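Take a look at this single chain, the form predicted on its own, given in structure tokens.
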Amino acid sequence: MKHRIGLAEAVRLRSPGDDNIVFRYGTVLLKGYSFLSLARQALTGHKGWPVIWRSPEVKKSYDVIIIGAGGHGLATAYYLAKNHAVKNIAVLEKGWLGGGNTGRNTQVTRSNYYWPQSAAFFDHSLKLYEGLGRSLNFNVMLSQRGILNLAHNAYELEGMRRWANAIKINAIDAEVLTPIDIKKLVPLIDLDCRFPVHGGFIQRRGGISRHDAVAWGYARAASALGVDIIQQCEVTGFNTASGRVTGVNTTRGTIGADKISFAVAGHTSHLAKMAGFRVPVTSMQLQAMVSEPIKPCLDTVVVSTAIHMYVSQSDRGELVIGGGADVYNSYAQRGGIPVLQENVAALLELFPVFSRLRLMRQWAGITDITPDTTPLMGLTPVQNLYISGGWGTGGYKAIPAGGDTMAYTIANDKPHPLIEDFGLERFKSGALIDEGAASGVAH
């Protein structure tokens, strides 16, 4: 019995007495999950699960090295192996897989961007997310509950109408809502708060997914295709000859490579400096926090730029709260108390019913923000060295498209058509793509 999984063909194989399902990616077999296997593992303390990605020894050289085992690095490796038949690939990670911004965000997936270049790229990403669980044979827990942006005065509402119209012109779904529509969608909201709600717009295909599952799913599929994922391996420098990259120095020795790409979130400028060029980014903390879990009561993502907060409810019942970045540059992953207080106060403006909840935990990621709030993707001044950074607050929602387009760029040594306008040269030509408003809240 055959099924099609994304662009790959899978064969479902099952032998008598085997409660696992095996999917074939070419000549590679991936064990799946079934109800019986979950029940059996539950009875044995979940000690019998196989390791879902390999931990191989480092080779002396690779065709492609990708620095950063977060969502973008793993996705790039996966699509290189799957779509471009590049087999000798290593992903180097100084810490643990998914331990950077991929595991430190608020899981939002959306494509409601204003400019045509951004809209096309992020909608490609959302479409890939919509089939990602099936493509990877791994549940990424995508919940398309909608992204609701609130307007708190007539001017803001008019701006959102224009924003929604621009989105629809770019063939992406958007719908303007009245306060009555919003109250039906989010019964707990206080429309008559200090900044009364005048309306808003929603992208119903937007929503949330599970960030850890996205990283693990890509890692599992990439490893099955032969990609070496090397953790605890920090890159300390680049080796070049005649303006061309030839390898990297790491805490585990020197590793040669024909091509190298880096996707290291807030440390983009640090890696670029190692390679001998500068990038126009600033790095700062972006906080998120969760409440204690409660029963399901909020089934959409609510965003308010004026009150400066966004909130959703996770599958575990926690309220996931975010807002603006801290106002100073830092590589810390903690965040400051003032922003935490502001985010909670903003939540209670719109949802006073949550006032008795306790805050359970808080964390911060390191965002690398460009002057036009649009990513840096493509070629660099160093031959055969590629960059994927400057994501600001949009990195998580861009993981599938980022990996897909960077894989094409590396394989063909030219930018994918979707990211031709995202290169470093735009800061010389002045062809900026100002997506500051679409970041959701000010940064």
Partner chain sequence: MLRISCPWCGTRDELEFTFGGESHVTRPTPDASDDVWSDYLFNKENPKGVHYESWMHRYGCGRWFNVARDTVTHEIYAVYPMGEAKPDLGETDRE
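The structure presented is a predicted model; accordingly, all values stated were derived computationally and were not measured. Residue numbers count along the first chain shown, from 1.
Missing here is the form predicted in complex with the partner chain; even so, the following discussion is about that form.
- Checking 259, 94, 308, 104 against the partner chain in the model of the complex, a heavy atom within 4.5 Å turns up for just one residue: 94.
- The listed set 298, 281, 364, 189 contains one residue whose heavy atoms approach the partner chain in the model of the complex to within 4.5 Å, identified as 281.
- Contact annotation: residue 223 falls outside 4.5 Å of the partner chain in the model of the complex, judged by heavy atom distances.
- Contact annotation for residue 269: at least one heavy atom lies within 4.5 Å of the partner chain in the model of the complex.
- Using a 4.5 Å cutoff between non-hydrogen atoms, residue 116 does not count as a contact of the partner chain in the model of the complex.
- Under a 4.5 angstroms non-hydrogen atom cutoff, the partner chain in the model of the complex lacks residue 243 among its neighbouring residues.
- Here the chain stands alone, but in the model of the complex its contact with the partner chain, taken as any heavy atom within 4.5 Å, falls in 334-342 among 180-188, 300-308, 83-91, 334-342.
- Heavy atoms closer than or equal to 4.5 Å to the partner chain in the model of the complex belong, across 343-381, to one residue only: 371.
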